[in-house]
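For reference, the chain that follows is the form predicted on its own, supplied as structure tokens.
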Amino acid sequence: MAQSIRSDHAPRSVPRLSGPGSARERLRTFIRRHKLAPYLLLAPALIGIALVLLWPLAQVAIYSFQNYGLAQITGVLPTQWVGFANFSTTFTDPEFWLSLRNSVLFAVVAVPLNLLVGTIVGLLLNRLGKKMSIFVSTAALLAWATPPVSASVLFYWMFNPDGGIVDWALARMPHWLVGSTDWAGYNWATNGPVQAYTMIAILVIWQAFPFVAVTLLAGLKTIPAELTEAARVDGAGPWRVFRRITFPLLKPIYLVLLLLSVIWDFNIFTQSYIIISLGNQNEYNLSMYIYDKAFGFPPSYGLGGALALIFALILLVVTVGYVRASIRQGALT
């Protein structure tokens, strides 16, 4: 009897669990131990980005080292690997450096003007009442939301030499104000890069400043009113208040707007494609030059791929410079 009792109460070995349940537990333990949960949540988005962006970028990189055109697409000729020949052709082409100069000069002029106009409008919106501020900002955002194609066609009609409202108005102004140019029938798009990009700059700034203004308005709402009131009590004027209080507090926002403006204004294509006619190479910017070389006749997708990589590298240098400046300013940690 005692032996049976001892045998009934003797400890028994617990069998090891096996099957899908234990595998899931081990997987959960592994994820918790290595803190992989955030990366797993980001995995679907990263896979989507890889399929939409990284794979086409890899294809462009492969084409940039090939002589790839219609003959290779149709199978008439085999694919030819040419190494860095497409890059050397690009760097020895005077049209490339002319288009790069046009893009850089346009960005140098358009970006500060865009930020300046957006800042002035943002400060004015901040001084308006709530209802009027909402109404004006909504009306301004309509320009920002207008598709670039529609806005470009609208401005092309306004600057059209055959009955455009801009030439009509300039022709009726006194010469001492607008110069002695015969503005009746003046063609802004074909009289030189300065005239063409003046027209494009007005268009780009008209569409871009509402975004800058509304973004700065959101930042202005976060500045305590006590700071500006105390500065005014001490005798500071509007410019001194902006320079000493407003701008330092909004500097991180300005850095983001500066980066976005540089990227947007440096690679504009839709506006220049509609306003500037193909074949007028002295007015090409870098985007127009890439389009002409890649999809012109005969198309050269290999040369276009090399140009696209050079273009992406330029924007990458700008982005890295922005990140480093932001870290130095304390906007990013």
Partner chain sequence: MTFTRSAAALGVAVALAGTAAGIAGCGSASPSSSASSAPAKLVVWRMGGSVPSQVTWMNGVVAQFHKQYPQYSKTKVVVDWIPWGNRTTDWTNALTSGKGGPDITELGNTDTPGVASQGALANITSSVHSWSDGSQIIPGNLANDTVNGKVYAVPWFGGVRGIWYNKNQFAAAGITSPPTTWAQLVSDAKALMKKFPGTYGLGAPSDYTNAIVSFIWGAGGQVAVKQNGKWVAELNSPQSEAGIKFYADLYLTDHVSPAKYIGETELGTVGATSGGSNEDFALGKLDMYIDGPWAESQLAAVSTKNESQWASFPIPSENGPNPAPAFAGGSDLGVWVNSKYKTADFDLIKVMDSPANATTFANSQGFFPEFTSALSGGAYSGSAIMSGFAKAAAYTQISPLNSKNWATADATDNIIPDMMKALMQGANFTATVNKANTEMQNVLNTGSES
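Positions refer to the first chain, counted from 1. Just so it is clear, the structure is predicted and the values come from calculations on it, not from any experiment.
Note that the form predicted in complex with the partner chain isn't included here; everything after this is about it.
- Residue contact with the partner chain in the predicted bound form: residue 319 places a heavy atom within 4.5 Å of it.
- Interface membership of residue 148, defined by any non-hydrogen atom within 4.5 Å of the partner chain in the predicted bound form, is ruled out.
- Using a 4.5 angstroms limit between non-hydrogen atoms, residue 187 touches the partner chain in the predicted bound form.
- Interface residue remark: residue 192 is counted as part of the site for the partner chain in the predicted bound form, having a heavy atom within 4.5 Å.
- Counting a residue when any of its non-hydrogen atoms is within 4.5 Å of the partner chain in the predicted bound form, the hits in 71 to 99 run 71, 73, 74, 76, 95.
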